[in-house]
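Shown below, as structure tokens, is a lone chain in the form predicted on its own; questions about how it binds or moves come after it.
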């Protein structure tokens, strides 16, 4: 029998806007249904995987309805609640979003402020690694294959779905398997090495504790430096993981940022010169710099294909970078 429960979000929360706010909402195992305006995915819980479907039938600020594909224990229900809170950024209250709007009032009317993320830091790190130095369709494919090859299956809605693989599962995999079956290319050994760092070793805990990175009492500089020490993590990836941790003061700039600087902000010069100008442009937004940058970028994508909550994961969802949207 399915479990049903409700999560109370902040009073300004809107599921369709705030879940469909960042590219990772289009990556497996996430699935957004633009007709039902609900999202589903398989969560890894204490008693095994379970698919959850999340909707907001009452609209902005009203309760989020959660339906699991199987009965959940009380502990599993709290575990699912915690994971969904992280995905949806429900820990960012109305006062946090109001502070952002105070710095950048362009997004006040639309209510934009939160960016979705994954249930775990480990998944966010792997999704970031699979999005570097590669086209977006390849990122989509890598994450789909990681789930199908190494994730746990769940029968739900008449079809088989998969969880995102745990650090333990990836740590046991051979790099060659990731390269051949998950098509991750040169990232194969790095992904396995990252997974091993997040996996307990014997009686010892894991070398990397997600709780340390999530602890906002640690300085941004300390977290950034530690991220830069991880295999396969350079300045762009580290800055992107920072915003996924709720630290929005750094900008992960790439070729899309250069395109944005030239076509939207009107900057001229080399890529390096444009990036410096983009950094200066968003510096006044301080701790909210990434939010201002990202919502400008996201508005451009939506101008091409409509609001993100109308996108189909397996069609429009593969085309949201500027180079592909222009086709």
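Note that the structure is predicted; figures quoted are calculated from it, not measured. Positions refer to the first chain, counted from 1.
There is another form of this protein, the form predicted together with the DNA, and it is not shown here; the text below is about that form.
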Residue within 4.5 Å of the DNA in the predicted bound form by heavy atom, from 127, 187, 86, 101, is 187
Residue within 4.5 Å of the DNA in the predicted bound form by heavy atom, from 233, 116, 80, 97, is 233
For the DNA in the predicted bound form, the stretch among 179 to 187, 117 to 125, 103 to 111, 206 to 214 with residues bearing a heavy atom within 4.5 Å is 179 to 187
Does residue 145 reach the DNA in the predicted bound form, with heavy atoms at most 4.5 Å apart? yes
Note to self: My question is simply whether residue 237 lines the interface with the DNA in the predicted bound form - judged by any non-hydrogen atom within 4.5 Å.
What the structure shows: yes
message = When the contact criterion is heavy atoms within 4.5 Å, does residue 149 count as touching the DNA in the predicted bound form?
response = no
ask   = Wondering, does residue 153 line up within 4.5 Å of the DNA in the predicted bound form on heavy atoms?
value = no
(message) At 4.5 Å by heavy atoms, is each residue in 3, 46 and 50 next to the DNA in the predicted bound form?
(response) no
Within 251 to 273, the residues having any heavy atom within 4.5 Å of the DNA in the predicted bound form are 254, 255
